[in-house]
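What follows is a single chain, given as structure tokens, in the form predicted on its own.
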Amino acid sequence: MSKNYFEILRAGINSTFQDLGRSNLYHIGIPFSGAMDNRNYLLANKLTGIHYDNPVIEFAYQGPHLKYHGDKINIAITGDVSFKIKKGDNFIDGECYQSFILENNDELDIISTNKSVYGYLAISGKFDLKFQWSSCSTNIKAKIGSNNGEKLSDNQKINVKEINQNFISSKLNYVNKKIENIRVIKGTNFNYFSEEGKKIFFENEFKVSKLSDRMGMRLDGKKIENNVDSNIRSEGLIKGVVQVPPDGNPIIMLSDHGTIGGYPKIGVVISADYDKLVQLTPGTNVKFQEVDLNSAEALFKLYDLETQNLISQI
């Protein structure tokens, strides 16, 4: 066993290894996967002084409780997260978007996310992981990726290698913003829906269902009427596409989505809104707002520029 490792005292809820995901595999049924909230993933890695595409631990709602063994290491947590660090008999209240040093036998207890879903733990080293198709991202539905395609588990040990010994303290003043209007472009089956159904989609509120995970987000609301066909020949899907099954309640495809589907597609969430979309907790009310393709491209460029500016501040 490596002399540097984390011992998992409590695995938390849906804690997995993630990175930037896999590209160019849709043709064999493999989605991108990767970190749900790309901005917070990138910021976590930059705060630890490590390469931007380093694997991290992504957790939902409750994170892992870890005990560290080995040489000093820098860690950072991003998102809206409550956590504590135990050093001997002393407890330190952690702050997101700030680096902390863990020493031998220190404990890190990631208690919960606050009014959001996902948080990220990055380290100034590398988790010793097996890569599949040039990525460690774990897709537990398909059993793909590091950790044998499984979530982290209690009493597991995670080896660490190549620790960066540059322990410069890093901090970023950043607050995650909420989103109320989800901007979308029209989907390929937009004209399958009645004028009343289109009006409902853009003018009514929908509620995020508890039946949401890394694969998709189900929404509850007034039924969106389809006046052509509620089932179609299976077609390719992309991240962010909004399908409407026969019950009339939209489903937004997320990072671990299936690559084909047979429900009509009324819209696609723009890339600039995706990071905020995935942080919406069950019970949150949202509305859809239509934008055209040119606007969607411009908004993504602005969002990407803002992300790069935040990274440059660290």
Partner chain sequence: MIKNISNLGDAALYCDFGKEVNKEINTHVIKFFKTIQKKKIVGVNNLTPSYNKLIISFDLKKINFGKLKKIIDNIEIIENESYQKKKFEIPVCCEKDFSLDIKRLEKKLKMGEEKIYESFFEKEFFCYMTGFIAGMPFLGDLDNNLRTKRLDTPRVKVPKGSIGLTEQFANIYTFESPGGWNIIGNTPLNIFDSSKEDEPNLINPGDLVKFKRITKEKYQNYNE
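Being a predicted model, the structure only gives us computed values, none of them experimental. Numbering follows the first chain given and starts at 1.
FYI, the form predicted together with its partner chain isn't displayed, but the following is about it.
In the model of the complex, its partner chain lies within 4.5 Å of some heavy atom of Tyr26. Put simply, Pro282 is far from its partner chain in the model of the complex: not one heavy atom of it is within 4.5 Å.
Interface residue remark: Tyr174 is not counted as part of the site for its partner chain in the model of the complex, having no heavy atom within 4.5 Å. At the 4.5 Å threshold, heavy atoms of Ile92 stay clear of its partner chain in the model of the complex, well away from it. Site annotation in the model of the complex: the residue of Val208, Leu237, Ile182, Ile158 reaching within 4.5 Å of its partner chain with a heavy atom is Leu237. For the residues Gln98, Ser230, Asn114, Asn191, the 4.5 Å heavy atom test against its partner chain in the model of the complex is passed only by Ser230. Heavy atoms within 4.5 Å of its partner chain in the model of the complex are found in exactly one of 166-174, 75-83, 131-139, 114-122, that being 131-139. Here the marked residues Ile30, Tyr263 and Ile270 all reach its partner chain in the model of the complex, each with a heavy atom within 4.5 angstroms. Residues of 285-301 placing a heavy atom within 4.5 Å of its partner chain in the model of the complex, in sequence order: Leu293, Ala296, Glu297, Phe300.
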